[in-house]
Every structure is written in structure tokens, then in C-alpha cells.
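Taking the form predicted on its own, here's one chain by itself in C-alpha cells.
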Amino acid sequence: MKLYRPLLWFGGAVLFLAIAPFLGSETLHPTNLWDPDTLGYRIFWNLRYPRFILAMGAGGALAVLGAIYQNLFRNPLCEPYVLGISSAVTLGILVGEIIWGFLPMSWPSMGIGMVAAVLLIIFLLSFASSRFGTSSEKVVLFGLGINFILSSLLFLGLSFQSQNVGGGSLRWFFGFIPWIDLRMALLFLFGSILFTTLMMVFSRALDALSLGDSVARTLGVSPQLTRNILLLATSLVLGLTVSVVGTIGFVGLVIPHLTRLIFRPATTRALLPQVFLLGAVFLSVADGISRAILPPFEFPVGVITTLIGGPLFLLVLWRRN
């Protein structure tokens, strides 16, 4: 049974991916998907399918980021938002909306988000290494401190802007998969896959860092240089992801643990594609549920991932102990 368990989970993941685009307030009949004159055809191919593709890319990217951070900092409780990058991105986009009127999920907002992420990580690495060296523990602690400060400023800005921020913006702050053009969605998915592939190149270094800096040096890996490169690369991807879908919790935290429990990968190279698949399934299904619970109202997908991810995380902890 243990030999077939990964195959069963993989088959289940593919089945959920096939079902996810059909979840929503409007029931779609499969026969209408190939007739351009029907409403179901337009709903599926112009609205749900691009959104489904975007959810796959964002879920896969967040799950891979979580797996990398957990290895990089040797902390099973790390997730992509632990260093405060999401707060910096969201705050930057909010400031852009207040001052220049840039809407979330627009090209200017994406640019602001990526710049904010890179500036924060450069500041964090410079500040932490100036006194203590770029050790994983100090980077995480300084990141948590910065996160508290930026979160306070973010809520202050939200309070100031609350009378002017529309429902879409508020949903985005709590995690929201937008209706998007198919080309944009495919570009995002391709970028997420490309990022995962590039991170697999660093899998040996990540495995070495997970054993500690001293062991990594004996294996020919420079801990400080490798950590800085990976943090800069992941901050760019996280900045772009948060700019598009907001802050979606528990994907980067629970999916790497669930993947290790199910597939038991021996190396990071094997872990990352499996994490990407489960992350894509998790977020796309959660997005479908957010549309189907109380139509035509849509819940922020971050709320759904937290409601599902919390019990899943407790289950993973229970199974591991």
C-alpha cells in the first residue's frame, strides 16, 4: 500500500484540478464548453479558466517558497511571509493607491510590489549582517520584528483609506484571485514553473544549508552567499505573487509538510515539483470553494485556505508525532 500511496494522491490531485474550474455560482454543463454561442462557454473560457490557471501558478509558487524558506532557515514553521516581505509589498501598493491611484493587481502595483520586496530584503540582510553575520536565526528574528512594524503601518494605512478602498481592494488585502486575461495567467504560471525549475538547480545547496552552516561549508557551499542569492530571488517572486493575489496564508506553511508526509522525498530536488503540484491543487480548489459557498458573494480565498489549512496542519503534526 505504501508503494501505491503517492500514485493515489497524484491521481487525486489531477482529479481535483479537473473539478476546480467547475466550482462556482453558475453550474456549467460539460457539453456547453465547446459551443461558443452558449453562456457556459464564455463563463468557462473567458473567466474561470484564466483564473484557474492563475490560482495554479500562485499556489505552486507559494508552496515552493514555503519549502525553500523551511530549508533555508532550518525552521519547520517558516512560511513565505515570515520576513515581512508581504507586509512591505502590501504597504507599498497601498501607498501607491493613496498617492497615485494605482489599483492593486495593475502593472504599476506589481512594479511597486517587487521593488518593495527587494528593498526590504536588501535592508534586512545589510542590517542583520552588520552586527551578527547573515545567520539564519538572526535574519528570521529581524524579519519578524520588521514584519510587526510594517503590519502596524499597513493597518494604519487601511484605516485611513477605508472609506475610499473598494470591495475588490479589500478582498485583495486578505487574499483574492482576480479575474484576469488568459495570456497574463499563462505567463504567471510559466514564470512559476520556471522559478521552480531554477530553484531545483540550487537543491544541493539547500540540502546542505538545511544541515547547518558548518556542514554546508564542508560540502563546498558558501552559506552567506547562497542564502543572499536565494533570498533575493525568492523576494522577487514573492513580491510579484503578493502584488497579484494578495496575502494568502497557510499555502506555504502546510503544503511542504503535507508533501513530505505523503511522498517522503529524499532530496529537495524531488520535493519542489511535488510541492508545486499540491500547492497548485490546494489554491485552485480553495478558490473554487470561495466562489461556491454563498453565490454570488465571493469570500477572500485567504480565508478559505486558512480554514482548510489550519486543520490540515494539525493533522500533519498529529501524524508526524
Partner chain sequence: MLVQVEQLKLGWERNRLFNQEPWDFSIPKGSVTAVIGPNGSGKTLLLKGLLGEALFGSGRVILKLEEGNIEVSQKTRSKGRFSYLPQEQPYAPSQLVNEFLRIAFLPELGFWGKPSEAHEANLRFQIDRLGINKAIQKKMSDLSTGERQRVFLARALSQKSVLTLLDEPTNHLDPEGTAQVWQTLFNLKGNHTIVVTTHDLAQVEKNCDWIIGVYQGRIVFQGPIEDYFRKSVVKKLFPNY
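Residue numbers count along the first chain shown, from 1. These numbers were taken from a predicted model, which means no experiment stands behind them.
Heads up, the form predicted together with its partner chain isn't pictured, but that's what we're talking about next.
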item	value
Thr267, heavy atom within 4.5 angstroms of its partner chain in the predicted complex	yes
is_contact(Phe202, its partner chain) in the predicted complex, heavy atom dist at most 4.5 Å	yes
Contact flag, Lys138 vs its partner chain in the predicted complex, heavy atom cut 4.5 Å	no
Touches its partner chain in the predicted complex: Arg217 (any heavy atom, 4.5 Å)	yes
Stretch in contact, per heavy atom within 4.5 angstroms of its partner chain in the predicted complex, of 144-152, 77-85, 227-235, 206-214	206-214
Single option in Met110, Met184, Val221, Val118 placed near its partner chain in the predicted complex, where near means a heavy atom within 4.5 Å	Val221
